[in-house]
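Before any questions on binding or motion, here is one chain by itself as structure tokens, the form predicted alone.
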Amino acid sequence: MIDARGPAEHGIVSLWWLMLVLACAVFLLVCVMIAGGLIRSRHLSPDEPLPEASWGGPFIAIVGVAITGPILVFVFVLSLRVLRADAASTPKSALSVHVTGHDWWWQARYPNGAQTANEIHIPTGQRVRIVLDTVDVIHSFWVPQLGPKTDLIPGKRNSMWIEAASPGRYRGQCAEFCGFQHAHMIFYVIADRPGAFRTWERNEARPLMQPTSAIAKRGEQIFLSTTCAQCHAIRGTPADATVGPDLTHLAGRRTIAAGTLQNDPGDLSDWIRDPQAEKQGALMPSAPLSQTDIDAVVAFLEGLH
């Protein structure tokens, strides 16, 4: 979190360091008081009563209220200023990415029709407006290096902005406990240079590239004729369900199952065969397919660039 890579995070990091310094000062004060009490008590015999301190009540009032109170109010007001400054600096003309939280994965949609899951591409050096909502429970969108946390609340639409100063892959996480697989609700913000981002966005909006190999063509037929097509969409085919992630360009993603597994043939095969063994509680059911059929589906999906 303290390795800020965007302007939205710089103010938060400054506030964090201030709070750390204040907390350390209070901690040292308490340690000094404890040490003083221990030193005084060493000179007393076991049967000797502790001396009464006439200054105890005023000391507690001064330290506990007169000093602590203003410190807390100061930090609270400063926190509001940082959050307000972030909220007020979102340009209306910024690129908007609509992010929806699901149990337990993230859907991202772009203005040109591009759609992906668990990987959000943005151009470097530009503020990107993130529009947030959820289809089930409360989630929280957090990319520690790029900006603050923002909650996704059922029935309410929130928004925030992020900006990456340099290209990179920044890990994000659901920061509000949302159920059994909360810890495996991971996503990545991938910051590309503007030219590379525009190329990615155009490609991501395109429909399916028809498979060329025999095994991939067979995999497409199996995908469209089984339960796969009842949950997922692949643009350019009859599969248009919205229960699970859009898979039109699945092969371009580095992970599957919201960061739980790598997107390689072995993990993809395991995920199709038995999702519950890899991510217990996930809504995806096991596919009633033979290993030969699973291999064909994997070959089809691996070609979706």
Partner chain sequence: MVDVAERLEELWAEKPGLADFIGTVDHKRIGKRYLYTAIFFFVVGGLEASLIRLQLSHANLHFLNPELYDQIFTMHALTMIFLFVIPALSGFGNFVVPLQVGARDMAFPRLNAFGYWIFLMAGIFMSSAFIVGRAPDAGWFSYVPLSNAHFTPGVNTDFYTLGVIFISISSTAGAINFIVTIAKMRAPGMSINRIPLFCWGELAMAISSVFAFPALTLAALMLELERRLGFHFFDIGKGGDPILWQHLFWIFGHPVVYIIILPALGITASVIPTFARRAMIGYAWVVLGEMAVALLGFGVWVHHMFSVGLPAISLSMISITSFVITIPSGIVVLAWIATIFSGRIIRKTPMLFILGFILIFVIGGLSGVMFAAIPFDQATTDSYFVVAHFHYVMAGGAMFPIFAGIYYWGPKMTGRVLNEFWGKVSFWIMFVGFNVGFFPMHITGLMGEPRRVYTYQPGLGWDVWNMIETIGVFIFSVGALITLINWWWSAKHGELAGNDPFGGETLEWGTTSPPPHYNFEHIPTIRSRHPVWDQPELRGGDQPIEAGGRALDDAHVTLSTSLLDARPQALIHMPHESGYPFALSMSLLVFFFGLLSGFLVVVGVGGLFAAASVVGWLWPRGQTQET
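In this text, the rigid core denotes the largest set of C-alpha atoms whose superposition between the two forms falls within 1.5 Å. Residue numbers count along the first chain shown, from 1. Because the structure is predicted, anything quoted here is derived from the model rather than measured.
Only in words, not in the display: the form predicted in complex with its partner chain, which the text now covers.
- Although the partner is absent here, C231 sits far enough away that none of its heavy atoms falls within 4.5 Å of its partner chain in the predicted complex.
- Although the partner is absent here, P211 sits far enough away that none of its heavy atoms falls within 4.5 Å of its partner chain in the predicted complex.
- The closest non-hydrogen atom of W142 lies within 4.5 Å of its partner chain in the predicted complex.
- Within 4.5 Å of some heavy atom of its partner chain in the predicted complex lies at least one heavy atom of I12.
- Listed stretches are 231 to 239, 213 to 221, 192 to 200, 156 to 164; the contact stretch with its partner chain in the predicted complex is 156 to 164, by a heavy atom cutoff of 4.5 Å.
- This chain lacks the partner; the member of T227, S89, N112, S79 within 4.5 angstroms of its partner chain in the predicted complex by a non-hydrogen atom is S79.
- Contacts of stretch 108 to 145 with its partner chain in the predicted complex, defined by any heavy atom lying within 4.5 Å, are made by D136, V137, I138, W142, P144, listed in sequence order.
- After superposing the rigid core, the C-alpha of C231 moves by less than 2 Å between this form and the one not shown.
- When two forms of a protein are overlaid on their rigid core, residues whose CA moves 2 Å or more are considered shifted, and F74 is one of them between this form and the one not shown.
- After superposition on the rigid core, displacement of the C-alpha of G37 between this form and the one not shown amounts to 2 Å or more.
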